Ligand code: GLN
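The chain below stands alone and is given in structure tokens; this is the form predicted on its own.
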């Protein structure tokens, strides 16, 4: 059954439309066909997925079906569900995403948690948290994209102010929207720039930071073509491509971090598969950091690196 075979109907039972959509996506080699169908139909109806099962005999009206049919056809062309709906959940918050931003990944929540753990640890006595209202912890988020990292940290850490930098004006616009949505716009400063190349013309931007955090591009250039079509054909390549060995941007960040990081401050970065040893050597080569540690994700991959500036 193809999508056009249902065009003549004015109302369709939810159970039937879900079965149709799942079969259609399976025929397009979508491995998550049923789940994607449920997510997209829930989005169109503005209901949760439980509603679909509890009301499987209910009917969908033709205008809603036309929207759903369009969404399913787009998904059949491998467009990510998050770009179709324009949103993605991260840190139990709903974030707007567009094709100008990377889709937030669950493993990046480890990056957020690591920053929060550092803030709450005894190691940050130097930040004088008791007077943080007047002297907040300054955090720099390099390559903010949708702002998911900055917004999540700002929501969880009232003692912090996050400065986000991105070279894409469109991405910064999305990040600002997300900050407004989650009521933390006053705790985030948005900066147009590339890595550390953003200047300090604005007197509100500190010249050095207490924590520098980044989820940089870390996929080797030649590996991108081997990624799933949803990623390589749809997400912004500049947010994925880490150069020949995947470490190009990481090297650039590490090289200049000592200039912009307070003594006893922290660098926190997400890294890729099998990059831990190389990243450790890159950080050690600066001779500015100690206590280099790695945090593993649920698959056992060393996903986040932290380093303490001496």
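Numbering follows the first chain given and starts at 1. On a predicted model such as this, the values are computed, not experimentally measured, just so you know.
The same protein also has a form predicted in complex with the ligand, omitted here; what follows describes it.
*Asks:* If you check 115, 175, 139, 149 against the ligand in the model of the complex, which one has a heavy atom within 4.5 Å?
*Replies:* None of the others qualify; the residue that does is 149.
*Asks:* Residue-level contact is defined here as any heavy atom of the residue lying within 4.5 Å of the ligand in the model of the complex; does residue 102 satisfy this criterion?
*Replies:* Yes - in the model of the complex, heavy atoms of residue 102 and the ligand come within 4.5 Å of each other.
*Asks:* With the partner left out here, check for me: in the model of the complex, does some heavy atom of residue 239 sit within 4.5 Å of the ligand?
*Replies:* Output for residue 239 is yes: heavy atoms within 4.5 Å of the ligand.
*Asks:* Taking heavy atoms and a 4.5 Å cut-off, does residue 157 contact the ligand in the model of the complex?
*Replies:* Outside the cut-off, so no.
*Asks:* Using the partner position in the model of the complex, report whether residue 82 sits within 4.5 Å of the ligand, counting heavy atoms only.
*Replies:* Residue 82 lies outside the contact set for the ligand.
*Asks:* Can you check 102-110, 180-188, 221-229, 69-77 and let me know which stretch has heavy atoms within 4.5 Å of the ligand in the model of the complex?
*Replies:* Result of the contact check: 102-110.
*Asks:* Just give me the residues of 253-267, first to last, that have a heavy atom within 4.5 Å of the ligand in the model of the complex.
*Replies:* Nothing in the stretch sits within 4.5 Å of the partner.
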